[in-house]
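Next up: just one chain, as structure tokens, the form predicted on its own.
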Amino acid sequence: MDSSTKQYDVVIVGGGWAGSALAYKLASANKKVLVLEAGIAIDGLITNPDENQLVTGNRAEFMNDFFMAMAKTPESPYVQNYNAPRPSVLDIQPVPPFKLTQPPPPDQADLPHLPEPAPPPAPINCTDVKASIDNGYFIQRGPIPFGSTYERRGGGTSWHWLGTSLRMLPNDFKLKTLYNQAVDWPLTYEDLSDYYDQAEFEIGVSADVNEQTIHGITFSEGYVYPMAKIPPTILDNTIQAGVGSLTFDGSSLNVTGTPAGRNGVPNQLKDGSFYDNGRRQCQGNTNCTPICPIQAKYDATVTMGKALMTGNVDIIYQAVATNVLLDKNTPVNPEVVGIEYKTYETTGGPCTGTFIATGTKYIIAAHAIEAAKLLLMSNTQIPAGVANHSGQVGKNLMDHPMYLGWGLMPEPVYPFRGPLSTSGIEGPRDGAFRSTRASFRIEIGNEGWNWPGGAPYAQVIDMVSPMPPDGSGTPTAGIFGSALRKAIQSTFTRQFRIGFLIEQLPDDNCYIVPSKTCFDNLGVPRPEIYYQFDDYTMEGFKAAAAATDFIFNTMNVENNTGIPVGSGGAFVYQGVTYYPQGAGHVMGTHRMGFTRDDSVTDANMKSWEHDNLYIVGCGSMPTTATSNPTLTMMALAFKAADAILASF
């Protein structure tokens, strides 16, 4: 569809989490909305990219690809799209440990407020586009590889989110005021509370209000979550019995249920009705990341479907935004007058046209990395890029870098059953220690050693054909028959892991810029990423390792913590080597703030210098805190929608 012949009230770039929520709320208010989605619709998958054959796809086909994949990574059910590429954890190669230094960043000479460029650390051959993308979509420039991934397709990264739907803490919005770290948000928990309600009902969150009133979290009077909490696992109860009454570094280790975007038992609401979102009830599949086979777990196609049903939304799939066009007749603070985009028919085929979408208001709701890349690419009229007076577009790239601890319980806890995580330890999310080190939450994983150790596949292989102790030579004969059966029963029933989602502060030295040398199949620049950790975050890793030792020693756990399979890198801090993992929680890059000089948008996510441009998503978040960011992102999208409606 050529959108250049039709006028819309709102044009949205991105059909994932934020784009779907915005489209639904705006369309419900009778606004005409166009959504440009770079990826392919769910009913139009490329299952054979080598032949560029477009076929019908569905959740069952995703599941089949997942079952057949040897590595059960977040993106394993989904084929690569060379016209809208996404990163893969398989692309993140282990690197030697580094000692934190401050090397100069790569080529950014044409951007304001940035240091002088330096040559890349190693030659990069991007001539063979497909082979280059398959070896890593990101152009990694920093000492630590950025290890998180995302999806570029209808529904976005909701196709491999875990489902964790935690609210941020009131103190998380005031990190500078309370702990003299980083920056405050330009809004408070109270400003977002009603929008959290809306987001939880849209997602269908399962949780118990009484369990969630921790660290000052409050709820509106009489509020109940739409779904009753998912019951705890045997592992959850075992950890609660072992350390739930104890503290570590002044923080409670009490185990509480984790709010989850998957269906439990519907709750009775204040009006006496029972919540019903039309989705099936969770059946306890343990592959929530990457995909729920029955859609008990929410994904953003649910909300986009509701938006389309209003009759006020058009969506163009396979439409890659490449330029934000500004009014050439207004030299100062020009408004946006269109979004230029390229189309394609197959994932490896050529561009089939270039078009311009026009509207009254414009929203960039792409992924944090893709949104920043688009704004910086749009530099014809303003060399620094659109919305970049502050020089903060692309800056402050953040994640929840994870520390993993794993071991064997003294008694069976029966992993590999139920959702990937049903409970966590939330006490360490806040405290006076945040003045000197990062906070964290502790996720309790129900998938044994699958994440850190490739279980059960890697351990079974090691049992039946182990390598020599020195790792050289050829595999030797292992155990079979009843001995193998006993080993499996003994080992796999006792496996467990915990994961620490560590707070990361915004840092000018963590950023993304469009590459000047590497491009995708449409000729669109790929992201160059510079990433590292500061002392605050590394102190959080140190505390996480100490907490792991405390919990394991207290519970008489056989500690097997070591180097995770597929590690995204390593760093040395105070003589200790740590192996961080990406959480998939990509934040920063277009943060909101108090003034146009230190941020990209105001509290409503409206650009400071372009009155009809809004930039919405996890990139809007000024700090990470410790909660998985998805719920907050949807709440922010609903807040932005209200501001946009009020501006008409």
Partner chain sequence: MMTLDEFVALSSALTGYPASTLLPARDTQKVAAALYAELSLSTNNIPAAQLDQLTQVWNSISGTPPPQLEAAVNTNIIQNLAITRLAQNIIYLWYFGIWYDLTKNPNSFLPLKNIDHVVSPLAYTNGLVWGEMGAHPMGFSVGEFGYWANVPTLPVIS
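Positions refer to the first chain, counted from 1. Computed from a prediction, not measured in an experiment: that's the story for all the values here.
The same protein has a further form, the form predicted together with its partner chain, not shown here; the description that follows concerns it.
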item: Among the candidates 433, 578, 492, 355, the residue which, in the predicted bound form, approaches its partner chain to within 4.5 Å (heavy atoms); value: 492
item: Contact assignment for its partner chain in the predicted bound form, among 154, 143, 415, 77, heavy atom within 4.5 Å; value: 415
item: Stretch from 508-516, 396-404, 284-292, 374-382 whose residues place a heavy atom within 4.5 Å of its partner chain in the predicted bound form; value: 284-292
item: Contact flag, residue 301 vs its partner chain in the predicted bound form, heavy atom cut 4.5 Å; value: no
item: In the predicted bound form, residue 460 touching its partner chain (heavy atom, 4.5 Å); value: yes
item: Non-hydrogen atom contact residue 63 with its partner chain in the predicted bound form at 4.5 angstroms; value: yes
item: 4.5 Å heavy atom contact, residue 447 and its partner chain in the predicted bound form; value: yes
item: Within 4.5 Å of its partner chain in the predicted bound form: residues from 212-242 (heavy atom criterion); value: 230, 231, 232, 233, 234
